[in-house]
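This document starts with two versions of one protein chain, written out as structure tokens and named structure 1 and structure 2.
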Structure 1
């Protein structure tokens, strides 16, 4: 009998050195440079997908969707501000800068937010006239770079967000490569045009929470105690960071998990620094509850919020609102395959090919060559995103999220989306159960905690 063919061990991939790792090593050896890219983590992380709701049956009474209302109104900044933020929905637009995004996109964000009754956020680099004129409710970011910081613009805003860190790169500063620094961006940031910009990783005005307290007081005095003060932290040690932010006087704390995106940073930051949003929410809520500040200080959660189900789960875990960045870009047309023009292929398709990528796989936000005109300052490319068209797409997206959110809330018997609670959720995996401190589905067991 003839022996069987020998097993081809050479075709088996190594777990520790799979094709991705081998490619990384060979690229590093060839160029001696780390990778810089945009958007968020590519690998699978524990997420809200690992949770499910316990819809009403005999033990709970559901609401009739066509007859019984479910409120989505949201109030932010009630602790000290004389003019807290009143929103129609608990879904806001995250800070994304002019420089990272085109002026047309910033206008589209403002138009959509105004129509939806929610807020948008300036991002690094200052306030553009397009965004202020189109946004009814605008949050002004104060970042370590101080790029574009203008006290007069700050007074024009409706809230102030002090950015300590970002979920995609906690402990790291921002990047804006020279190809995106056109003369207008350079003037706003007081930088030379066409030169790479690397932001500071920490604020020059303070070295600890005591100094942050002084800065918050200064900003309150500057705005006559009218504006809510947000403090945003990248999720790494959210339990202690939230406590320090509250102690320093924040009205609202924003916790940004590692699934959050960025315009540009080192891939090693995106993939290996910070903790998942799911774990961060639980720790942030624990901190507020331990301080007896739940309800007095509002919590906004960001980082990988994509669907109405994600929003509902964040609220049920204790958040007051969510903030979305990457989902907004995708709604505007980022990575879209559907561009057609007069029956012919849109030139964006050819531009994807030129960059060596394709829709769905593009992480080239940092290059300034965005084929759909979103993350660019190129005067030709940015025209591909018309503000009114982008605003309409974003309105549709947020309206869909809101309908999904209220559908879930009604199914759990809630007349207000803010009445969703932890008891409405269970976890599908051990990791999610431990991180979210929720029972594993079908049991009363929370890993790491005594059984009830």
Structure 2
């Protein structure tokens, strides 16, 4: 009689050399080049998911969902600007360049933001007329590259954001590979079409925070002290950076954690430089509190804000508003299997396969071959994202986030989402408790602090 026992394979997975690392080594061996990619950190990090709200109880009264008001109005730039920014919701659209995004997408963002009563932001490549026309409130970035930067657009802006760094790459400059530099992008950036654009990582006309003070004053003088000036830093040493930005005269500080996205950056940079958003918010708020500037200088937090719960947690930790980039792309259809064009869904899977990827895994924004027409300058591909369709999806997404945010705020008994406070939160993990300096759930213990 034959032996009927099943054949046994020896399949011992390695934790150190997992499929990601094996494919990384094999790619490096094949190409001799590091990987450049889009989006943000993909590894697991301590995040807002590791916090929960306590909600109302006998000691706190909740508000009724449909009857009692919960305000989401948000005021930014009240310190020096004669025209602060008034928003309907504390959720804004992060800076993403025309060049990395198509002009259609920039227009969609503007339309959605205007309908929602929030702001959108230019990016490393200047202001397009489409986005100025479609955006009621537009934040104009002043970046190290100064691509397309000019005083006319500066005067047209509603606020100015001096970008020191970005969470995906604190300490690094931008990249836009030649395949995305079409003639219009090239002209706006004063570059030959098709040439790789390597943005500088330092501003050309100032170094250090003393200089920044004077630079901020220059921008104010230029615009007759009307516009709020934001300073954006990538989260590395946010405690000191926030203090220096406030000292330099910022109206608003934007802190972008390491989960923040990018259109094209070395993946070693994305995954290994900077600190998580959760840790950064706590440090930023500590800095403002220590300077007695909470409320005078507003804090915008970005980097991996995805859900209404994330927004609520960032606000409870002390942010005045959040800024979203990647969530916006996903809302527009990034990584979906189909795109909607001329009222019909069309399959996009083959185009993902052409780039060697698949829906849900794609981070190939740097290639300019976006299968759903978002991060592309290709005239055929960019038609796959129609501005009206994109704007409608984005409105739905932000409305969902806002409803979730107010649901949580009401459950915590707040009539205003800005009344959420850190006492409303506890941490589920030791790491999150230590980084956010919140008690571990069910205890009064905050790692690193004496027990209460």
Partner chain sequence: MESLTESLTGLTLDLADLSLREVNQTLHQPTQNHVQILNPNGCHNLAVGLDAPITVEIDGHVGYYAAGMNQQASVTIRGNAGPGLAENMMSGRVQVKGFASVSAGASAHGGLLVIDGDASLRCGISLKGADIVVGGNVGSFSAFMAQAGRIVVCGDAGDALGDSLYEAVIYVRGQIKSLGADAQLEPMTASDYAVVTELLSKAEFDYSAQEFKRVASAKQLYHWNIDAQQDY
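What you are looking at is a predicted structure, and each value in this text was computed from that prediction instead of being measured. Rigid core: the largest C-alpha set superposing within 1.5 Å between the two forms. Residue numbers count along the first chain shown, from 1.
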property: Structure that is the form predicted together with the partner chain (1 or 2); result: 2
property: Displaced residue check between structures 1 and 2: residue 444, CA, 2 Å or over, core reference; result: no
property: Rigid-core frame, C-alpha of residue 396, shift of 2 angstroms or more between structures 1 and 2; result: no
property: Residue 27 C-alpha moves between structures 1 and 2 by 2 Å or more, core aligned; result: yes
